[in-house]
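Below you will find one chain, with nothing else, as structure tokens; this is the form predicted alone, and questions on how it binds or moves follow later.
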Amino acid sequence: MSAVIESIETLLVDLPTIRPHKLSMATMACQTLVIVRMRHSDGIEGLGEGTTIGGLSYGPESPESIKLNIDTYLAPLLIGEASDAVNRLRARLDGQARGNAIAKSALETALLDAQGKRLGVSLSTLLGGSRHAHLPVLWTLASGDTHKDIDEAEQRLDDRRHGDFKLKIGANTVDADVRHVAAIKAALGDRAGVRVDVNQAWDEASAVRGIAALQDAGVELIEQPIPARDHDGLVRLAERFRVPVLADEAVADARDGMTLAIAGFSGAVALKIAKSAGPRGALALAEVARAAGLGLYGGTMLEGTIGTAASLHAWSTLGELRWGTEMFGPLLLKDDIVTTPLRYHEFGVDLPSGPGLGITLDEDKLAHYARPA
């Protein structure tokens, strides 16, 4: 008989950040990870992670709701089911529970981690095989202070840790944000690429003015400048400017990617396993985007090491990531809950080796940072 899923435990884990991380909708000083421990009858444990940004200020799922919905609604759909029936269990979750993409991503990751351990192969092997053992990683500058951001970027360049930078803007006026970004780009010059993420903070008129100025300043990519549902506006902005526009919140899954492509969008797409309900959903979106000629970018929800490793395994199977990745989440946190952290060097990160995710929990650290039940 095949192994079955015996239990699913979820833990809320609060990890402080190395500095305040300022977005257009929130400022983060702590990141809460939802850690899934899925235990199987053959003794194997699969690990997963569901992480979002800024509680409910970013999207419809919060850490607390992710845990509650897994415990109350999703886990009962999986307990007692065959451990290796990943596709059937994904379909069961989708058929009986609407939305909850981040919660489903954590569960799919745990299923794949366990199956990889069971077969003695990596998660990337389960997804078709890695094409890259080392992936580029940019760093997000989000202190909100121009001089601090320049100093931070210079240090990352000197350490050969990151060679491109993204700036979180949108909380200030358009003119103030443009001055901030232009000053940083001028300081870094040709030594590093600079991009911006507006996190939907502008209307289309503001975006026209802001993107024109940012293009003149040498910014190379504009991420989600207007609200996610304004697909027509995103298409118009992508057509109007030389600098590419990156769709993030506007595109969660393959269906969204198809909708944007049919509308004539000509920019790039941010892949995130959290918004696609798991690694396989994100790769399905990547296939649609690639067929439509859109650039790919490996995005993050500022996950810890478990969620970051899952994303890296998925991104490693892709032939080209035109805009690289931003899988820096663990570096934003003051501590970790795994025995061996990811290895960041030479402007990127190594793909973890070993079966499944290639990640082992540090039980003492986990107990220290986990919220009391």
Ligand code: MUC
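What you see is a predicted model; the values in this text were computed from it and never measured. Each residue number is its position in the shown sequence, starting from 1.
Keep in mind that the form predicted in complex with the named molecule is missing from the display, and what follows is about it.
Novice: Spot the stretch among 34-42, 52-60, 313-321, 336-344 with residues whose non-hydrogen atoms come within 4.5 Å of the named molecule in the predicted bound form.
Specialist: Comparing against the named molecule in the predicted bound form, the contact stretch is 52-60.
Novice: Taking the named molecule in the predicted bound form as the reference, which of L93, L260, A286, L302 has a non-hydrogen atom within 4.5 Å?
Specialist: Of L93, L260, A286, L302, the residue with a heavy atom within 4.5 Å of the named molecule in the predicted bound form is L302.
Novice: Give me the residue from L23, V349, V13, I359 that has a heavy atom within 4.5 Å of the named molecule in the predicted bound form.
Specialist: Of L23, V349, V13, I359, the residue with a heavy atom within 4.5 Å of the named molecule in the predicted bound form is L23.
Novice: Report whether the minimum heavy atom distance between K272 and the named molecule in the predicted bound form is within 4.5 Å.
Specialist: Taking the distances in the predicted bound form, the answer for K272 is yes, it comes within 4.5 Å of the named molecule.
Novice: Although the named molecule is absent from this view, report whether D113 comes within 4.5 Å of it in the predicted bound form, heavy atoms only.
Specialist: No, D113 stays farther than 4.5 Å from the named molecule in the predicted bound form.
Novice: Examine N199 and determine whether its closest non-hydrogen atom to the named molecule in the predicted bound form is within 4.5 angstroms.
Specialist: N199 belongs to the contact set for the named molecule.
Novice: With a 4.5 Å heavy atom cut-off, would you call E108 a contact of the named molecule in the predicted bound form?
Specialist: Judged by the heavy-atom cut-off of 4.5 Å, E108 is well away from the named molecule in the predicted bound form.
Novice: Considering only 325-342, what residues come within 4.5 Å of the named molecule in the predicted bound form, judged by heavy atoms?
Specialist: The stretch touches the partner through E326, F328.
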